[in-house]
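Shown here is one chain on its own, the form predicted alone, set out as C-alpha cells.
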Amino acid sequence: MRDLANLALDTARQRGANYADIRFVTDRGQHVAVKNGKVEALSSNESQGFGVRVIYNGAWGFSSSSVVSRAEVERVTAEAVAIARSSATVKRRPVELGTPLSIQDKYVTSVKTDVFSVPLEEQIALLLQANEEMRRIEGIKLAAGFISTLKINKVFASTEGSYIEQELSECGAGIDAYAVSEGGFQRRSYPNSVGGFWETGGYELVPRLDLVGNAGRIAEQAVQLLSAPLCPTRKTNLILDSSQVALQVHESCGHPVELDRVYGMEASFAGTSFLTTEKLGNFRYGSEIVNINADATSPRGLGTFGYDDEGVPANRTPIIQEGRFVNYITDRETAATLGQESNGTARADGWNRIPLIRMTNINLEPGKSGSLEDLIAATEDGIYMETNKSWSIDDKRLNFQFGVEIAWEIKDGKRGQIYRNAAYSGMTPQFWGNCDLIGGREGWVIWGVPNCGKGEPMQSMHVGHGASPARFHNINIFGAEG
C-alpha cells in the first residue's frame, strides 16, 4: 500500500493541495444469531476501499473508491482536489490543522484467541445451549442470542510524513429472554441490552461472559416481571448498575463534549450541545466525586486503538475533573480553533466516510464506595435500576428520560420488591450534581456501545464507557406503562 499511498499524496501535491491524507481500510465481519432453538442469521462480509482527503486553499475535499488500483487512486485524488477547489470558493474560514504530525508506526489489538479461529459450529452450539436454558423456564416465549466478530485493517498516510498501519479486532455477544402473558411482555438481557456486550480483543470474551450460566437467571427474572407491580412515582435515591451508568455517560456526557456539535458543524441525531465554549474550565458539571476521562488507551475498550483516522496517537484526556468541565473531545481542525492540539477522536466508520469527532472510551472513573452491594447497604430508602430499556434526550443534551428492564425497591440497605417498567428523568448538570456515591474498581466495567450514530450520511461507530455502579439522590422515578 505504500506505493499507492505515495502516488495519492504526490498527485494531490501536483494539483495544488496544501495537505492530503489517504486511508486504506479492509474490514471483515462475521455474525451468528439464534432464536427459539434455530439459527436465525449467519453472515460473513468483507469490505475494502480507500478514501482521500485534501485541503486546497483552506477548504476540504474528499473522495473514495472500492477499486484499489493505481489508476483509481490517481482519479479519486484528482476528484478530491477538484471538490476542495470548488469548496474553497464558499468557505467561511480556512481550515487549520495545528502542528504537523509525522509518525511511522504499527498497532495491533492484543488478543488471546483470534476472532476468526473458533469454528462456527462451536459458536452455534454455545448459543443453542444458552437458548435452551432460557426456554426451560415456563413463560418464556422467545429466546435469542448472538456472537459477532470483526477485524479491521487500516493504513494511513499523509503529506506531513505519517505512515501508520493498524489491525483492530473486536468481539461481541449477548442473549435475550422474552416472557409473555395476557397483560403484555417483559424482556431481560445479558450482559447488556442494545447490541449486547462488546470489546476490542479476541474471542476470549465469549467464554468469559458465561452465556449459558446466566441464561436461566435472566429468563426467571423476565417471568417475574410479568406479575411485578409498576414502579411507583416518587423522588428518591437512585442506584444505577454500571451498564446504565455507562449509557448515562454516553448520552449526557459523551455527546455534549463533541466540539463539532458545540460549533453547530454536526446537528444530526439529537445534535448540538448545551456545553458552549464560554463554559470551558469554569462550568460545574457534577459533584466533586465525578471524574470523567476520554481514554482511547483503556485495555479492551471498544473505543481503544493506536491512532485515530487523522493519524493522531490515542491518549487519555481529562473531560470532567472533580465535577468541573475541563476539555472537549476534538479533531485537528476544531482543536486548532481553541489553540489546542487534537486529542485523537477523529474516526470514520469506513473507507468511504470522512472522519468525524467520535467518542473513544468516555470513562467515569471509579470511586471509593465499594461494590454494588455496598452501595445498596449504604442506602436506607431508594430504588435500584438495571439494564437499559429505552432512552430519550433533547437536542442540547440537557433534558433526558431513561427506562430500564428491571428495578428493585431498597429498604434499610437491602433489596426488596421487584418493579417493572421503571424509569427516571432529570437534567444533565443537576443529575450529575446529585451523584453522591460511586462504586469502586471492583465493579468497574468498560461497556461497549456498537451502534453510536452520527452524521449525514449516518456513520455508526463503536465506542466504550467505563463505569461502576453509582448513586444519585433526589431523583424523579416513575413507572412507564407500555
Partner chain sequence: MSEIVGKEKVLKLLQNMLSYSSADQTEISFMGGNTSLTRFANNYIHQNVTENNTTVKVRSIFGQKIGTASSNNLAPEALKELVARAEELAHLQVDDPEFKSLPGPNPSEITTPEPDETTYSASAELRANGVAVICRKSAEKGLTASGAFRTGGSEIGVVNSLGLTAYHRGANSDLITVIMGESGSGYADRLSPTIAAINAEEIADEAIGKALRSQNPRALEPGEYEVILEEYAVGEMLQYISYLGMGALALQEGRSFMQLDRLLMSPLITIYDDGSDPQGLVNPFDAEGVARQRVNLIEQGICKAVVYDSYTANREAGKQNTGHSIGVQGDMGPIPLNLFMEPGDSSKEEMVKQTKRGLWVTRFHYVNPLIPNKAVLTGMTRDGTFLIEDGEIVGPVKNFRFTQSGVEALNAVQSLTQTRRLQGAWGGGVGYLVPALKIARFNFNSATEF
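Residue numbers count along the first chain shown, from 1. Model, not experiment: these values are computed from the prediction.
There is another form of the same protein, the form predicted in complex with the partner chain; it is not shown, and what comes next is about it.
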The partner chain isn't shown here, but in the predicted bound form which of 137, 280, 398, 103 has a heavy atom within 4.5 Å of it?
398
Looking at 263, 107, 408, 163, which is the one with a non-hydrogen atom within 4.5 Å of the partner chain in the predicted bound form?
263
Heavy atom to heavy atom, is residue 403 within 4.5 Å of the partner chain in the predicted bound form?
yes
May I ask you to state whether residue 389 is within 4.5 Å of the partner chain in the predicted bound form, using heavy atom distances?
yes
Could you confirm whether residue 305 comes within 4.5 Å of the partner chain in the predicted bound form, counting heavy atoms only?
no
Does any heavy atom of residue 120 come within 4.5 Å of a heavy atom of the partner chain in the predicted bound form?
yes
With the partner removed from view, which of 214-222, 83-91, 289-297, 366-374 is the stretch that lies within 4.5 Å of the partner chain in the predicted bound form, judged by heavy atom distances?
83-91
Relative to the partner chain in the predicted bound form, which residues of 342-366 have a heavy atom no more than 4.5 Å away?
351, 352, 353, 354, 356
